[in-house]
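The form predicted alone is given below as one chain in C-alpha cells.
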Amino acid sequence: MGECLLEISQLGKTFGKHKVLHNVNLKVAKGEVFGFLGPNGAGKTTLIRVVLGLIRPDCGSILINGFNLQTNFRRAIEHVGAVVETPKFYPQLTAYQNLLLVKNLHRSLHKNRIGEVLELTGLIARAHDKVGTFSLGMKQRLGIARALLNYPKIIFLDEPMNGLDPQGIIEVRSLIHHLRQQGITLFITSHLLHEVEQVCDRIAIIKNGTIIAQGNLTDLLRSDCEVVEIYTKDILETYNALAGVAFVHKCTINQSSLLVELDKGSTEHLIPFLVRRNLHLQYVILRKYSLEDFFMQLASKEGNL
C-alpha cells in the first residue's frame, strides 16, 4: 500500500441504542479506487457523513491527507469532494450556472475551473443547457463535476451508479477510470458488485457497522476452488450424480444449468466423470471467481449479509 491519504481508526457512532459504526479501521492509499460494500443499513452512508464532518462520531479519529478532521477540520476537508446520495441541482438553471453558485463559495477558485470540470466529466457541450433536461446519468456526472471544483485529492461517491441505465453506468464507470488516471483517489460505496469489481483496487465489506473483510481485490478473489456452469438436458440426473463426489464442494440448480463449485484444477476430472455416466452434456463453462461469489461465500459464513 502506498502513501495513506485517508486513515480511519477505532471509529464508532451510535444513534440512540442503535450502534451504526463499531470500531471501524480503514486506510485508503493515494491514487487508488477504494470500494466500500455492504447491504442497506450497514453503515456505508453514515461513515461517509462522519468523514465529511456532517455527523460527529462518538469515538475514534479520522486523518485526511495527514490532518486530523476533529482538530484541524478546515485543512483536512479543503481538498475533499463528495457526491452523497442523489445529487440535487436547480433544474431551471444551466449546468454552468449551478456550478457557478458553488464556485462563488470558494473565493480562491477562478471561473475557468467550471469549464475544466465540465470538460473532465464530458459535459462541456451541455454547459448552457438547463439541468432539468439532463438524464440521471448526466446529473450524476454533474454531481462529480461539482465535487471536482475545489481540486480534491479524494472524492467520496455514495452509490454513484444507483438507478442508472446501462449507458449511464458505462459513462460513470469510464469517468471513474479517467479520474484515477488524473491521480485522484476515489472512495466508492456500492451494492453493484460487478461494477465494483471493474473499477476498484481494494475493498472493505461492512455488516451491522463492523468491517468483516477488507483487502486487495485480487488477493481476496484468489480461491482454492473453481466454479463451472454445466448445461445439460439431464439436470436432475447430473445433480444427483455429483452428490457425494469428493472434489465437488457445492452444486446449485439454476433454471437451465448447474453451478458447481469444485477443487481447483478438478474440471478436467469432472467432464470424464459425467461422460462415463452417459449424461448428456451440452457445454461446460469455467467461470471466473467473482466478487459476487466472494460476497456470497462470506454471507454463508457470517449469516445473511
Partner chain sequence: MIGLIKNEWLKLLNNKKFYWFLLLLLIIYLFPVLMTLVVRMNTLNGQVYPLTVFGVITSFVMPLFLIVLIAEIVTEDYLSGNLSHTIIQPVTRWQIITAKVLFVFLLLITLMLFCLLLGYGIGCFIFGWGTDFMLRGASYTSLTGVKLTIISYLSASLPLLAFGLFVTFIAVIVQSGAAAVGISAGILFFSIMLELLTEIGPFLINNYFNTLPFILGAFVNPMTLISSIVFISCFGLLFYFLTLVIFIRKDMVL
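Because the structure is predicted, anything quoted here is derived from the model rather than measured. Between two forms, the rigid core is the largest collection of C-alphas that superpose within 1.5 Å. Numbering follows the first chain given and starts at 1.
One more form of this protein should be noted, the form predicted in complex with the partner chain, which is absent from this view; the next part is about it.
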None of 55, 63, 279, 259 but one has a heavy atom within 4.5 Å of the partner chain in the model of the complex; the exception is 55
Within 4.5 Å of the partner chain in the model of the complex by heavy atoms, the stretch out of 177 to 185, 91 to 99, 231 to 239, 194 to 202 is 91 to 99
Does the partner chain come within 4.5 Å of a heavy atom in each of 15, 49 and 82 in the model of the complex? yes
Heavy atom to heavy atom, is residue 162 within 4.5 Å of the partner chain in the model of the complex? no
Any chance residue 77 has a heavy atom within 4.5 Å of the partner chain in the model of the complex? yes
Please run the contact check for residue 128 against the partner chain in the model of the complex: heavy atoms, 4.5 angstroms, yes or no? no
Residue 151: touches the partner chain in the model of the complex, heavy atom cutoff 4.5 angstroms: no
Residue 208 C-alpha relocation of at least 2 Å between the shown form and the other one, rigid core basis: no
Yes/no, residue 92 Cα shift of 2 Å or more between the shown form and the other one with rigid core fixed: yes
